[in-house]
Ligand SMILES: Cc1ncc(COP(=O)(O)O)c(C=O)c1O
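Just one chain follows, in the form predicted on its own, and it is written as structure tokens.
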Amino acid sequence: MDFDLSALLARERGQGTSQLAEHVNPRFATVLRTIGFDREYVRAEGAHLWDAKGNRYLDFLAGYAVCNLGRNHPTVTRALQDALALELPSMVQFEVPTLATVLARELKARVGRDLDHVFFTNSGTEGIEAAIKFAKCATGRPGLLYARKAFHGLSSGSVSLNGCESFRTGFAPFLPGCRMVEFNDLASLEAELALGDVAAFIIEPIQGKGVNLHAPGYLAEASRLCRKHGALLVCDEVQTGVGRTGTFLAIDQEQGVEPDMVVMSKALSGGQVPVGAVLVRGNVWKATFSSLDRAIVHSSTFHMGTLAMVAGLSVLHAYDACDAAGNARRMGAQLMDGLRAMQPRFEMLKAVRGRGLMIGVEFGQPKSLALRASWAATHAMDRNLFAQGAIVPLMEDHRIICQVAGHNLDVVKLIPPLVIDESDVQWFLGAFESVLESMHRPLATAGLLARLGRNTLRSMMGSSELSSARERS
């Protein structure tokens, strides 16, 4: 009997949250129920998703900046279908991987900066792990520097470079030699580099957690300081790459940034097949893969899979064809202009910052007494709660998917597909204005707690139904 995917999905529809709780991650299922995100989507196209009832949702999360070209982009879909129809071999391992060589060549042409070789991975985290190994091997040094509030992944190596304690708690001990420098602080960076034991400084051109931008010239000077002290500069473009900030890489908007490695992933996948890439300077590569018996001293079973390479190639083709970076600049400017125009009316709307379609909307303590009381009460209950006061009604009342920019941050992060249009921008701005009006009412905290309480009760009922089903079985 043939495998019938449509029948399987029809059979399972409506049971997703309970099945997630029973078989995968109970805590996450509870989170989804509590914040009203326990939706099952049946179709996706561009910047929109649909549920089984035909409701349309605006996606301002893009799978954590994975779907830069939107969901189910026809160029990517067709390329993958073609690859399957051609019955191409994959992961032969000892072969000449034609598609990998073409993708490497295309990436080098776009990134430049004398980065001579490309190592393919399955994720950004794997790319960071590769960069750690390459840096240590090339320099013979143990030290690794990262910035406060940095995020570079959640594997044992990459979590050692995270500047957010919420991701580190419970996972010590970390890699030895990993040290944090202050964000945007060149003096802090040089003091650590001067110790002479640093293999690499690993940095996001724009921090994903909080959407924090460096001062102009910081990255160029960091590049110069690394060269001066014999350390390597690794630019983590996992989230910012492939047009997200309005240029192919975020560092394309900075003069004088000369990384020794650039790590990419997320959007290279087209939202379909995981793929990542580490572009590496020739001397670093030669020091790592230094002899015939070290030709595959670092590798991965799946790292040049045929479908992954096809996904990457088709993404680059579609990226060029649709002017994704240009649209990111235009729509990002419209979003930020619209949000900043609201600031005089809403005293808790503290700041709007970003580049292209990577935008952080930060809330701040209000001046008026009634709103200060609401602010204080919400933060006293949970530092993560206030920003959810925007996220939850955006979903429940306006069917907009977005999320906070990190733990204990009063920042909403906007990273929609780069294919959004003016109608999508207006959809979001109108919804956000409505949410801000509600958040600036004296009883806003009570309203949020009522929403969360209702959802929590629904979550408890779901857990009870699950327990009853287990007992019956």
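Keep in mind it's a predicted model, so treat the numbers as computed, not measured. Heads up: residue numbers just count along the shown sequence, starting at 1.
Note that the form predicted together with the named molecule isn't included here; everything after this is about it.
With the named molecule left out of view, the stretch that reaches within 4.5 Å of it through heavy atoms in the predicted complex is, among 317-325, 232-240, 334-342, 383-391, 232-240.
The named molecule in the predicted complex comes within 4.5 Å of no heavy atom belonging to Asp252.
Interface membership of Phe363, defined by any non-hydrogen atom within 4.5 Å of the named molecule in the predicted complex, is ruled out. The named molecule is not shown here, and in the predicted complex it never comes within 4.5 Å of any heavy atom of Trp285. The shortest heavy atom separation between Glu204 and the named molecule in the predicted complex is within 4.5 Å.
Comment: the named molecule is not present in this chain, but in the predicted complex one of Thr101, Asn72, Ser123, Ser90 has a heavy atom within 4.5 Å of it, namely Ser123. None of Gly354, Gly271, Gly153, Gly246 but one reaches within 4.5 angstroms of the named molecule in the predicted complex through a heavy atom, and that residue is Gly153.
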